[in-house]
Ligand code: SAH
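Starting off, we have a lone chain in the form predicted alone, written out as structure tokens.
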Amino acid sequence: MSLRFHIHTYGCQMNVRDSEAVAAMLAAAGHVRAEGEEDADLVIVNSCTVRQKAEEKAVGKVGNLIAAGKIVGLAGCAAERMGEEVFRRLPKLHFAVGPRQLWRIPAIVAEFESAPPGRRPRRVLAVGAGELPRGLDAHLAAADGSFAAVQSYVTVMVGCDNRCSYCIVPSVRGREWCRPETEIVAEVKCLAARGVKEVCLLGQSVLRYRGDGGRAFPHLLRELQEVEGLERIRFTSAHPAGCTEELIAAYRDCPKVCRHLHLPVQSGSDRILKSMGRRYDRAEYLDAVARLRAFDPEFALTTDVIVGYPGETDEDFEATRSLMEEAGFDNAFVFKYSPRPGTRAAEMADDVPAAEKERRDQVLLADQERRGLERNLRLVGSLRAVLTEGPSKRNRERWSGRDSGNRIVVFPPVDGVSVGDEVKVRVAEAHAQILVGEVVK
């Protein structure tokens, strides 16, 4: 008997990609996607635990689903962090599976599917970040191409060895492990043959990737540049130490590699960066920014910032403000610090009051709104190559897509233009988060 399944995904792109893999594995086992959770027999919540609020949101969702009488599983980082504790918090949860155990889900589901309702397993726990991951290319088993799209994520490495003081990722996703380069290239070729135009290469610190023979990440970019049918290559997330001349040369030589980099900074204070264990200082970060922008002044940079880290003074916060201004980010994601169990920072006093964290958060967001508008205004009148994604989420009467710099570009629909087409859009209007223009035939 097949089950109708639905997957809720919280958190980062890695979780999105993991959910796609789980969906493919379930489909290969004979199960069928439901239109939504209401129509599903089985619902899996793929969770995030980077911040306490994210974990609570996923756990709350699971509680509501259990009350609805469905087979419910919790997957991902929150399941890994909580382990057996999850069944104390959610005693009627059917199963919990960590990020490196996701390949076990079809077999776990089979146990519940085959057993009579009154004799189903009480609960199943599958965690352990030490195992090598499996099923990263499970979507390739869908011969009908049902798991392909115009854009696709491709996992190139999992885990993280950076051990930043505030970050729980190494504990829940394990040590770094890089996929073989030949395997990645084969996956991208398969996706391109199915109509995928853009891939985004995923890794917690993707510039640390080492391929066959220890070759660095830029070599992988050059290999993917040669994939027929592929038009764009993106990757995330980066670290300043990886912004080498070799990387910049790959940007310069490979037109398919998009001119955008997500480069988390977290703080502009050398004192806080040292406490965080980020292994660079303010000057080194800004040097990486300068080298990227030197070869292309329009190069788009986005970042992550934490406010209210333990011991962050007004002076430290102002150092972050000034760094963000000097770097001239196109966009920034600002997070209020929350301690995560088992991290070094969790042993420090969480001494910045919640109200002050909120104030600093709002100050940086207002700064970025102004800065984003200023940078986008420089692009008015320019011609952008835009990969069409379809109707805009905010206004279905307009279409949208992204340029090489990952900027959202909105335009009136044009006859003959389909999702996945690249169009030229003349920018007529700029906002902090989007560009508006018309297609130039």
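This one's a predicted model, so the numbers in the text were calculated from it and none came from an experiment. Numbers for residues come from their place in the sequence shown, where the first is 1.
FYI, the form predicted in complex with this ligand isn't displayed, but the following is about it.
This ligand is not shown here, and in the model of the complex it never comes within 4.5 Å of any heavy atom of F317. Although the partner is absent here, F95 sits far enough away that none of its heavy atoms falls within 4.5 Å of this ligand in the model of the complex. At the 4.5 Å threshold, heavy atoms of D304 reach this ligand in the model of the complex.
Contact annotation for F299: none of its heavy atoms lies within 4.5 Å of this ligand in the model of the complex. With this ligand omitted here, the record of contacts in the model of the complex names 258 to 266 of 258 to 266, 290 to 298, 82 to 90, 213 to 221, defined by a heavy atom within 4.5 Å. Taking the partner from elsewhere, no residue among S2, A34 and F112 has a non-hydrogen atom within 4.5 angstroms of this ligand in the model of the complex. Contact with this ligand in the model of the complex, defined as a heavy atom within 4.5 Å, holds for exactly one of S237, S152, T155, S275, namely S237. Among V50, I408, L65, V59, the residue placing a heavy atom within 4.5 Å of this ligand in the model of the complex is V50.
In the model of the complex, just one residue of 187 to 211 lies within 4.5 Å of this ligand by at least one heavy atom: Q204.
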